[in-house]
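Below you will find one chain, with nothing else, as structure tokens; this is the form predicted on its own, and questions on how it binds or moves follow later.
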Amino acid sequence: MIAVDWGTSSLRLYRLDAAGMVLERRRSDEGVLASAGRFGDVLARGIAGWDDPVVLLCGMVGGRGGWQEVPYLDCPAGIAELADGMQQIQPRGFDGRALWIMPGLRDAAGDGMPDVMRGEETQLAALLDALVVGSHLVCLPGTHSKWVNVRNGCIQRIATAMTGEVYAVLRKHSILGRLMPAEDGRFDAFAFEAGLHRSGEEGGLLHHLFGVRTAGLFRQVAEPALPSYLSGLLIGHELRGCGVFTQRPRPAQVHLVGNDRLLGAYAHALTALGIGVQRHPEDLAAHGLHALWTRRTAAVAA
């Protein structure tokens, strides 16, 4: 089968064997935004040479503005609910293949404002069987970082922080970036931890952000280290606003899912705060799609 993780800015394709092991992988920058109006052509080119009859897709390809919108499922939801929520599409040019798109998840039980995920639920599906017993906290860092409570094999709650997007905007399009090098350089652990510590002090995020500029103006933080300081500050506020500090009791461990660069920063922050971490690779989406297809076909056969 072919597993497709089609996000806003990137496209990842995996060819899997019957046991769900990755045989081949491909990646491009033709995410949903770049593929609008030509999804079929982009997918056909991406899977050229792969003759597998089943193609499973997750991510923003199933969201509003994607190839075909698939409704959100409500939390709590586990593998059975996610598998049952998959929808088949029948686009032109894919005769002989079965194409299925995953649903997203919606958490409407919070403070009156719903939270959602689309794509990350498939990564989580690869973990649910391993996390069946008890409660667990999972963090999926990214442009929009997700904090997910899992209990007894079900995704219970979702909290999203726009940390990655805010960092990019401030870094490239605000006065804060003017004192920083054009490109991020080497990670500065001391500056990162200074920002992390600052996030726990009085004043709030908006006041703390202006302090990034003054820290550079008065050379309290060297200009090449300012990106690390800003990163530590934003991640610190994320952890305090919708991460480990909102959990009662505070968890002893967080499961981190994503690429090595992002996981390194979040692992550094969590361990500095006395929280253990367990890392999982970002290609969990491929394994999650295989687990969901296995569950769906088994349910149909029964």
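All residue numbers refer to positions in the sequence shown, first residue = 1. Since the model is a prediction, treat every value here as computed from it, not as a measurement.
As for the form predicted in complex with another copy of the chain, it is not shown, yet the points below apply to it.
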Does the 4.5 Å heavy atom contact test between Pro224 and another copy of the chain in the predicted complex come out positive?
no
Using a 4.5 angstroms cut-off on non-hydrogen atoms, would Tyr72 count as touching another copy of the chain in the predicted complex?
yes
Against another copy of the chain in the predicted complex, would His136 count as a contact residue? Criterion: heavy atoms within 4.5 Å.
no
Thr163 near another copy of the chain in the predicted complex, any heavy atom under 4.5 Å?
yes
Which one, 199 to 207, 87 to 95, 180 to 188, 127 to 135, holds residues whose non-hydrogen atoms are within 4.5 Å of another copy of the chain in the predicted complex?
199 to 207
Please pick, from Leu56, Val254, Leu234, Leu43, the one residue with any non-hydrogen atom lying within 4.5 angstroms of another copy of the chain in the predicted complex.
Leu234
Arg12, Ile47 and Pro76 each touching another copy of the chain in the predicted complex (heavy atom, 4.5 Å)
no
Quick one: which residues from 112 to 132 get a non-hydrogen atom within 4.5 Å of another copy of the chain in the predicted complex?
Gly112, Met113, Pro114, Asp115, Val116
